[in-house]
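The data below hold one chain only, encoded as structure tokens and taken in the form predicted alone.
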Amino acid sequence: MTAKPKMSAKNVGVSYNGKVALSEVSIDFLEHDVISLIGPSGCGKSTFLRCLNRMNDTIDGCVVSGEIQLDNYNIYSSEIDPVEVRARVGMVFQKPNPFPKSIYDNICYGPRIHGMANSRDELDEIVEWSLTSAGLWEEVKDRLNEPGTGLSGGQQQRLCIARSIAIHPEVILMDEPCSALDPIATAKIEELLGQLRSKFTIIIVTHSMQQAARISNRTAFFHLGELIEEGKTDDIFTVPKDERTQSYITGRIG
């Protein structure tokens, strides 16, 4: 029995002020998949990622065409509130961006806005669960009132992951979440992704093919605004179907 897609993109295109950045992308994301989007800089992978939670709505002159479904609902339908989409599809950015608040308040921000807790005890539970899930609880449990900006880079990124999962999204988008981190912090984030996949669908843009090979069960290769091919990570790296994929993986393009 084939797993049904958690999210699907059908013929998705993006243009900025009439200039095409992405064309005719169709791909399914299965539940509890970790899928890496790889390709040269400027190939459209981050542009595509931002389509998946309507982040491109905030960019003037950006037009998105095609259809993106989350559990069979078109997220670009006029009846769908973008805020609700972003609650269900969380985002972690390239550079750690904790709010200028305490560690505790960073985690509580979303649950408070969405009315997920009725008491301080319930907030405490959410904070502990989120930080534990992000592998950070033991490191910060005695300093929850200290500013999140005082943590190390790797800890800040795990705080941002904890903040994004605090409202229990179904999908987590990550845009090169390790590119600003050292190898030790990167290894911790990668280990964390292995644990989070049991609860979430994770879609990650990475510039590192080694990272894609380590963390993802599926990989999609983008080039010049097109999705060239997508499949099991092992297949993409060992028996790619398209010459362009082969050229990128062997370093001839990129």
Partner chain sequence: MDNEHIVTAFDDDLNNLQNKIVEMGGLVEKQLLDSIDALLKFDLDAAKEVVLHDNHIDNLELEIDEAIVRLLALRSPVAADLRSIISCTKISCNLERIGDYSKNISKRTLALSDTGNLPLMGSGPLKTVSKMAEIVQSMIKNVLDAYIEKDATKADDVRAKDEDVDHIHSGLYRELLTYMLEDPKNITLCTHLLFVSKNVERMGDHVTSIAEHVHFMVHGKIPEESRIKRDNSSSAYV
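Small disclaimer: the values here were computed from a predicted structure and weren't measured. Residue numbers count along the first chain shown, from 1.
This protein has a second form, the form predicted together with its partner chain, left out of what is shown; the following refers to that one.
Taking non-hydrogen atoms only, residue 11 never approaches its partner chain to within 4.5 angstroms in the model of the complex. Mapping the unseen interface onto this chain, residue 210 counts among the residues with a heavy atom inside 4.5 Å of its partner chain in the model of the complex. In the model of the complex, residue 17 stays away from its partner chain, with no heavy atom inside 4.5 Å.
Proximity of residue 252 to its partner chain in the model of the complex falls within the 4.5 Å heavy atom cutoff. Taking the partner from elsewhere, every residue among 240, 243 and 247 has a non-hydrogen atom within 4.5 angstroms of its partner chain in the model of the complex.
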